[in-house]
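What follows is a single chain, given as structure tokens, in the form predicted alone.
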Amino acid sequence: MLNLIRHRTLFFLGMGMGLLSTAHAEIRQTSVWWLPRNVTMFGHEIDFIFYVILILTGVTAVAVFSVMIYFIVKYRARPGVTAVHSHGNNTLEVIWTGIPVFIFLALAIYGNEQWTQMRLKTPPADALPVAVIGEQFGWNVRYPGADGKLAKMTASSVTKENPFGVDAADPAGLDDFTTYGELVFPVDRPIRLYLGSKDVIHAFYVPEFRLYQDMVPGRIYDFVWLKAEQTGQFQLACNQLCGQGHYKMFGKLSVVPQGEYETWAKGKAPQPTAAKETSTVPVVMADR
């Protein structure tokens, strides 16, 4: 009886601790069993090819297993029935080889075209430049000020004190401002990302953006761009195992109306008087 009471007590204590531990957890807005909602312009084509491949593989799987089960039943071993030997059929061989080849070529051509649009096409001239540098274990983010230009960045200049590799002689960086683990993008405006890493390989990954890009130390990736078509709160995650603290490397990403972004950026930007007092670009680590 005492053991029963002890087990029940431990059970209810465990349930209580579980409820307390999840009471402040972030509520997931999308189903864990299917794709999260898409909010960017490139996501439509990515989802389309995903569904095409899913339908093709699903229909093929049903057809193959149906034929296999039919042949297993029809040509099962039975007393007095001899096996029939076949040396194949050239026509059938050409058909079931040619069809997959055509399908794979079509998918490859379509996928390559979409990749070209996403990675090789020059971002629009009015795109907002945003630099994101990963580190163990967080995200350094740099935004342009009123001039809309980021200071020149080089991977060889990245250090602990200068995570963005900013060129101190570039006056375009006088009005830049930084955040740590916080990203805010205006909706319906192209965003040109400058991605890099300060220490090990990281990856910029936002499921709702259908966007994934590895970030290798020693290189600044300046060809990744996107345009969010819906507002919302999202999570930027590192999709590379980057160390013991990998599990906590996430950032808060908000897509807001243009006016709200401008208000936010104005509140983060350095004061004009402070910019005039110095002749070099200040390299300031964002508050953590």
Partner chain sequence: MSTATVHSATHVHGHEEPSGWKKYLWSLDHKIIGLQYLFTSLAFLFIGGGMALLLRWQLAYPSTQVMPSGDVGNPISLPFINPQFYNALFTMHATVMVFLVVMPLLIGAFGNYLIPLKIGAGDMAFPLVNELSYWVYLLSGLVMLAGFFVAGGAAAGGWTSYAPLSSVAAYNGTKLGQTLWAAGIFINGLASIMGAFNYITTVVNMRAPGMGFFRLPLTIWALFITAFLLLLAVPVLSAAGAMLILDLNFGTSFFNPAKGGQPLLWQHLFWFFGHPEVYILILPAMGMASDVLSIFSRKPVFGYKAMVFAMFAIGFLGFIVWGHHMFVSGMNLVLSAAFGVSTMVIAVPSAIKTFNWLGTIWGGSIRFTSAMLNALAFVAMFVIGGFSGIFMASTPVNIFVHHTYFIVAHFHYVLFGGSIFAIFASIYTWYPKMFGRMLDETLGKIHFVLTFVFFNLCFFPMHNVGLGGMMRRIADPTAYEHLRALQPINQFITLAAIGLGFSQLIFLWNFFRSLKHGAPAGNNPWEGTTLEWTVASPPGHGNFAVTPTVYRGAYDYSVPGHPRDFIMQNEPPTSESVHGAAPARRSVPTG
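Everything numeric here is computed off the predicted structure, so don't read it as measured data. Positions refer to the first chain, counted from 1.
The form predicted together with its partner chain exists for this protein as well; it is not shown, and the discussion that follows is about that form.
Is G232 near its partner chain? Define near as a heavy atom within 4.5 Å, in the predicted bound form.
Residue-level check for G232: no, no contact with its partner chain.
Should K248 be counted as a contact of its partner chain in the predicted bound form, where contact means heavy atoms within 4.5 Å?
Flag for K248 set to yes.
Heavy atom to heavy atom, is Q240 within 4.5 Å of its partner chain in the predicted bound form?
It does: once its partner chain is placed as it appears in the predicted bound form, Q240 has a heavy atom within 4.5 Å of it.
With the cut-off set at 4.5 Å between non-hydrogen atoms, does A228 touch its partner chain in the predicted bound form?
So A228 does not count as contacting its partner chain.
Which of 97-105, 143-151, 186-194, 171-179 lines the interface with its partner chain in the predicted bound form (heavy atom within 4.5 Å):
That would be stretch 97-105.
Along 213-244, which positions have a non-hydrogen atom within 4.5 Å of its partner chain in the predicted bound form?
In sequence order, Q213, D214, V216, P217, G218, R219, Y221, F223, Q235, L236, A237, C238, N239, Q240, L241, C242, G243, Q244 come within 4.5 Å of the partner.
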